[in-house]
Structures are given as C-alpha cells and as structure tokens.
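Here's a solo chain for you in structure tokens, the form predicted alone.
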C-alpha cells in the first residue's frame, strides 16, 4: 500500500463522530470567541456568527450585512454605490465556494448548539420524533419564504414602504441573536424593546422563536435548519461549490442506514439510485450519511472532483463497533 493509499484509508476509517465534534468545537470557539484573540474574518461569512456578539466574535454572518445594505434608499442602492452590494455578494460567494453547505454541518454555531441539545436529549433516553412525508415537503418551502421576506422587507424600507424599526428583520427573530451573546455573558438580548410597537413586536417574536428553538431542537434533530434562510441562500449558490456529495447508485443496496442517521430526514439519499449529485436544499452536508454507509464507494464527499471521504466496509464496521449508530 502506498503512502497516499494509507492516508485515504485512515481518513475513510476515521471515528467520524469524534472528528466532527472537535471540528465543530474549533469553529465554535473561532467564531464566538475569536475577537478575544484578535481574529477578524470579516462581515461576509456564510454561517451564523452573530453580529450582536459584539467584540467577542471572530467574524460576522453575511445576512446582517446584506439586510443593512438592502435598506439603503433606492436612489443610493440603484446607483454606482450599489456595486458595493455586488461586491459583498462576491465576497460571500468566495467564502462559500470551498465548503458548500458544509458551513451548516461543521461550522455554524447555531447548528452546533442544536447538536449539543440533541446529545442532551439522547443522554436522557428520550427518542426524537420524525416528520411525515407531507410535513417534510411543507417544511422544505419555509426557508425560501423567510429568505424572500428577509430580502423584500429591507428593500421596502429603502423605498419608504416600511417602518425603519423593521431594519434587519431576520436578525430580530433569529435565535442566534439571543443565544450566541450569552456565551460571552451578554444577556442583553433577552429583553423586550418597548421603544415602539414595531420593536416590541419584533423582540417578543424573537424571544418566542428562541423558546421554540430550544423546544424544537430537543424534539427534532437540527430543528431550526429547516427554517434557515442562510441554508436556502446556500443552495442557490451551491452549483459551483468545490465540496460535493455524490452517490454511486449501482453500489447502493437501499439498506436505509444513510437515511436513519440523516438529521434532516432526507429520503432521497437512500431511495434515489440515479442521481450522481445527491445533495438537496435541506442537506447540511454533515457527511454522517457517508460515515454510516456500509457499501464501498456508494457515497462519497469530493473536493474539486477528488474523493476526500468515502464509504467503506472497513470504516463502517469500525464505527459500528464504537457505537456509531444514531437512531435514538
């Protein structure tokens, strides 16, 4: 066996859950506490690194920047100054192109917190509940509705149609606004703003969504990811991304192991044996499906067309012996 083959074998047989846990911890510390270490990754990150985290954050979610820019008066937005918006989209895309939706599965602090809540639920011995197929199809659309509202409301503010208090509407209801600052001992977002009716309504709605986030994430794995407009925006940009999730249908036995570990309950990952590109808009590209697949080469993650992690029988057996299954 050559050195390259040895490396590939070691990667494919890695204790994936442990690897992913520590990678998530690294990114959580980087994004939530990076400012403490003078790390600044900018304001165009394709993941939730909350701007309300103030000095502690190591970078900022692009959704806040995008909403602020779309709130400009139309005479400014549709002038030469509007090129700034296109530049911001370009920077966002450059960040995104490498990891694709792996930003959701490995980097996002809000996603990591949901995984911690799932671990707590599993520790209590309480089983999670699944969506019916009809519920799943309905849920698939919500993130696109929220994305549309997130874009249209700021544009309406710039056009004078909506109250300025509606600025950054998604940030006001995003659970990251209230939860992430708490990791820096900042509980100021856990309050209601009575300065106007709009502010009062939005902050009450934001606290309600936060409560729903904790309850939902305990009952459903990655509950909030179904509603995340960042995930919808990711999928719209996903075609040129370098990290891909692929399936070799001829090697698939439809055992269903990939579906059973999928936090997003994506049936197509198990049922479709014709598509090569298997990532869907709800996929968070956590690659748990690849780690759980027992069929050599049936599922794989590639980077710029090069396989970097693929299913193997040896890796499957090794992970099973270490309690890889996640069916509770």
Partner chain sequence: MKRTALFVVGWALFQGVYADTLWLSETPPPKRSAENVQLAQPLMEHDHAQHQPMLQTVSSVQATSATAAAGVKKHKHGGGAEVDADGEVVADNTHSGKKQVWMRGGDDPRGAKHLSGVQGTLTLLSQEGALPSVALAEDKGLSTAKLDLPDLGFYNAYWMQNMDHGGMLHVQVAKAELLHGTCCSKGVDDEEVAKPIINVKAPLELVREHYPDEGLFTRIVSGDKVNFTVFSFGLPVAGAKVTMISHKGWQNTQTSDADGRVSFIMIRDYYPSWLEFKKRFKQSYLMTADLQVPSQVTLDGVTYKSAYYNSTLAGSYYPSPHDYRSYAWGLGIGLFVIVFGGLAVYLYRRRRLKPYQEARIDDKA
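Residue numbers count along the first chain shown, from 1. Owing to the predicted nature of the structure, the values given are computational and were not obtained by experimental measurement.
What comes next is about the form predicted together with its partner chain, which is not displayed.
Only one of 161-169, 242-250, 111-119, 95-103 places residue heavy atoms within 4.5 angstroms of its partner chain in the predicted complex, namely 161-169.
In the predicted complex, its partner chain lies within 4.5 Å of some heavy atom of residue 128. Among residues of the shown chain, residue 195 is one whose heavy atoms approach its partner chain to within 4.5 Å in the predicted complex. Contact between residue 236 and its partner chain in the predicted complex is not found at the 4.5 Å heavy atom cutoff. At least one heavy atom of residue 199 is located within 4.5 Å of its partner chain in the predicted complex. Exactly one listed residue, out of 255, 149, 215, 86, brings a non-hydrogen atom to within 4.5 Å of its partner chain in the predicted complex: 215. Note on contacts: among 191, 79, 141, 124, the single residue with a heavy atom within 4.5 Å of its partner chain in the predicted complex is 191.
Shown without its partner, the chain has 43, 54, 55, 56, 57 in segment 43-59 as residues with a non-hydrogen atom within 4.5 angstroms of its partner chain in the predicted complex.
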